[in-house]
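The chain below stands alone, shown as structure tokens; this is the form predicted on its own.
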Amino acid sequence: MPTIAVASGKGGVGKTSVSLNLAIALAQLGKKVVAVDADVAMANLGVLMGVESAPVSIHNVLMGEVDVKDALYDGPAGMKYVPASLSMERLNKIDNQRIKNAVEELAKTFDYVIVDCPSGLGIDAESAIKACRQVLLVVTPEPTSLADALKVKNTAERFNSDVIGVVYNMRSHEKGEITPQDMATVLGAKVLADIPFDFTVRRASALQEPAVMNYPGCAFSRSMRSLAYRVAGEQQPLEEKLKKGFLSEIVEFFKKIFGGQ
């Protein structure tokens, strides 16, 4: 079953938001999905869902204290997730190499294992990439993000991981900005999602609400659903593409602000 490392060369590109919302979107397609927070030093996946503590986490798994199935929790839309702990204690006891066995164990049960990797190319990030058969790169318009993503791609290929595509996130469509075509050429990979900067994502993060669940009409959520279809290798129905448009996005946004139903 597909095991996908969602990776980036630098922080702040929206990697965790993509990991979580892609997992939820796949679950909404009827897939059995688990999202794993492999960023043990900067745990954020659970925080985005409003879960700031868990009795058992990926930390316990990587310390060899529990089986990864003991760290599974219920998430939105029927997906499962394995959180990381916000505690910085005992980090020196973590064996990052154990992530591979954990991912392989989950792959026996789930259709998709989505691994939110640490940014960069530290030993924790490399271990998470090695643990997965496929890699999805998250990149923003900044040249530094593109340059660092290229390093991650080269590293993934060295580990024989298949880079399935690029999520071009937070694009502002300003003059001179890197185009999706140039992005694909430089990275040698398809741009699977071209996502404009969306203030709603920032609001969803602040409220600890997954965007695809609470703001389904926003540009980011629509992109995540389209990405889920591409990752699943399924054709997205036309009515699904058109179901949520600009007007419904505005209405949902103001409903959230003013508390309307």
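This structure is a prediction, so every number in the text was calculated from the model and none was measured. Counting begins at 1, following the sequence as shown.
Form predicted in complex with a small molecule: not shown, discussed below.
Interface membership of residue 156, defined by any non-hydrogen atom within 4.5 Å of the small molecule in the predicted bound form, is ruled out.
Contact check for residue 170: a heavy atom falls within 4.5 Å of the small molecule in the predicted bound form. Although the partner is absent from this view, residue 205 contacts the small molecule in the predicted bound form, with a non-hydrogen atom inside 4.5 angstroms. Taking the partner from elsewhere, residue 237 is found to have every heavy atom lying beyond 4.5 Å of the small molecule in the predicted bound form. In short, of 22-30, 66-74, 229-237, 190-198 it is 190-198 that has heavy atoms within 4.5 Å of the small molecule in the predicted bound form. If you check the small molecule in the predicted bound form, you find a heavy atom from every one of 12, 16 and 220 within 4.5 Å.
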